[in-house]
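Before any questions on how it binds or moves, here is one chain, the form predicted on its own, in structure tokens.
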Amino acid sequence: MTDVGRHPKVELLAYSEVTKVTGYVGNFKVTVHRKARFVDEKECTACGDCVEVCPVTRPNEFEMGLATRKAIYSPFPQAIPPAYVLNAEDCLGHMPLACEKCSQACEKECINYDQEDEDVELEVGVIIVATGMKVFDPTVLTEYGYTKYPNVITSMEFERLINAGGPTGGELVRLDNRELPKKVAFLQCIGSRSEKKGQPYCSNVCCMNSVKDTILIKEHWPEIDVGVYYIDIRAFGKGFEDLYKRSKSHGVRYMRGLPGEIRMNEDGMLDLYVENVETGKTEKHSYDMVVLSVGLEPPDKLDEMRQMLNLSKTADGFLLEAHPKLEPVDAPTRGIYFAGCSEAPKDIKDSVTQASGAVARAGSLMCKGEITVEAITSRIIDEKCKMCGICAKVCPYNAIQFDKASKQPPKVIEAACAGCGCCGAECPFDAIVMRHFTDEQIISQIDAMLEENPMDKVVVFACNWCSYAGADFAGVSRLQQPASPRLIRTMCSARVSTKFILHAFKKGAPVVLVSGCHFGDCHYIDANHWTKKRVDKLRDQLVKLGIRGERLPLYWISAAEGQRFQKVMEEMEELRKTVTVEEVEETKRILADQEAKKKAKKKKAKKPDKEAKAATD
């Protein structure tokens, strides 16, 4: 942090938050709200004179409430910039007659009660998201008595207790009598790997954090009896298994099984009732102190940041990367990268590694000076555009600018466009052309596919990133599949227009399958949601016309699901066998009649317009 604060090319905006982000890669505009510190950070030397005279006392957030702070304080040791902050909500200084003691004590006159918040506008080329995380609040687990029993604490509170700069100067004490505990228990997976109370995922760091803490206890206070209660120890990192064995060699007892309840007895000891999984018996153990090893969760304002940056999130609430293997630090939105726990729970080593990767990716993009855009972007034909604005509404990247009041056709920002094709599929006037995935190219593929023996074929529209990759995986895995499926690759399932599906049915396709990424895994943020809406709507229309809706299935298949792809293709083959020639011919007749009616309706609508024009002339 000190090096960052001193670096001549780094501008550190502390005590601030991002409130707005607009633009695209290379041209982001970021609004940062700088909160008033009420202290001149350039003049303040953190001498502490103001703190000594401040009459207001509040719980210290950095010390997890185990110590207090004043209304004017340093957020944490080694904070950058090394200046104090005055909390206006706590301070009496906004009423000068009531206090002003800190201002009077400051010889350098650094305190200014009239300071106001300000917004700073920044123009940046790339953005690295490193929002950090928060820890699980175990208050909801009433069976463990957190906040009810003083000696039931969290792993974060324990860290502050044994820290040399903590509230007790590094001395491990019970919170009720400030004596050294004789027996300490660690309970693992508190708020992690739990479907009911907590998060379903593993928080990654909890096991090894507890192992480290047990070793620290044994090295400083070897007389303390330490026990760890766990589901299973996940020591997956470099040297972690050795650390786990070292902990056991110090005499730390590990018991497989989590206590169902904690009660305080008359002697002030904490009784743990636990089923020992290895013996199958319920046991009672007593301890002076119990440490709840709490898991990690996404920070509270991560959703706000996600919406500002137009990002996706996983089912766990963390941000979704562009590709877990090929682009692990890239966001789906070009020019945005992830670092730290914004993308998933990580320990320090993994966070530093990912931060280095994010900086390298950002640097490699910025050093070019220009951005190379893949030739799959959309192009709007102004002559055909009716300025309805649907394309701008459905674009997951906000890459289409449209202002209805200007009466000008929408414009595509090619640097922001990722070529998903959702706008082209939704445009009702055929005013959008997708480069290299044009309507004519896809329709030509359908025509060539169904030119001979259409009854023996299943038309499959496959998303490039997931279902098409799943087909590749099934192929290289030598999984046997029916010969009937014929794949048409699109960059995204959202590119599959209604007219492509209808054209395939008109050409005699017995079954048309649309396949794409699972929800939450879409390479184009949430474009596959539009796929579902479009296919569901078309299926309902077909059913109303007397065409079986089962002939238009929609499946989500990921790149790793080769076996699922094989199974789906087998299902499509069985479905194809149920479709008769008569049913296909009837479908072609119904769709031809519908098309004729639409043409007649358009012709009828144009006729009055021509007559009105002639009368005007």
Partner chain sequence: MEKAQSEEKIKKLIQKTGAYLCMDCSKCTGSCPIGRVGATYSPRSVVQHIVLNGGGLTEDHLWRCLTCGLCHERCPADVKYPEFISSLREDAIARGVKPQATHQGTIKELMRILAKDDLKQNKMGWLPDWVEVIDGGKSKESKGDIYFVGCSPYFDTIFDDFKLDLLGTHTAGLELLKSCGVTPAVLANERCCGHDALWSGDKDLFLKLAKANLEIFKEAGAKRVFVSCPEGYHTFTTAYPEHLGDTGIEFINTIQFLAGEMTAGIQANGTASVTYHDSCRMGRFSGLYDEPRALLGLVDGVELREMEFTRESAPCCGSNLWINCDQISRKMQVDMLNEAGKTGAGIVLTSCDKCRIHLACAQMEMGNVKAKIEMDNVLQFLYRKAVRKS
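Keep in mind that this is a model prediction, so the values were computed, not measured. Numbering follows the first chain given and starts at 1.
As for the form predicted together with the partner chain, it is not shown, yet the points below apply to it.
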Exercise. Can you pick the stretch from 108-116, 387-395, 81-89, 270-278 whose heavy atoms fall within 4.5 Å of the partner chain in the predicted complex?
Worked result: 270-278
Exercise. According to a 4.5 angstroms non-hydrogen atom cut-off, is residue 251 in contact with the partner chain in the predicted complex?
Worked result: no
Exercise. Hey, in the predicted complex, does residue 258 get a heavy atom within 4.5 angstroms of the partner chain?
Worked result: yes
For this session: Report yes if any heavy atom of residue 197 sits within 4.5 Å of a heavy atom of the partner chain in the predicted complex; otherwise report no.
Result: yes
Exercise. Is there any non-hydrogen atom of residue 177 lying within 4.5 Å of the partner chain in the predicted complex?
Worked result: no
Seminar exercise, completed: None of 411, 323, 529, 193 but one has a heavy atom within 4.5 Å of the partner chain in the predicted complex; the exception is 193
For this session: Could you check which residue among 144, 244, 73, 318 gets a heavy atom within 4.5 Å of the partner chain in the predicted complex?
Result: 144
Exercise. Using a 4.5 Å heavy atom cut-off, are 231, 263 and 282 all in contact with the partner chain in the predicted complex?
Worked result: yes
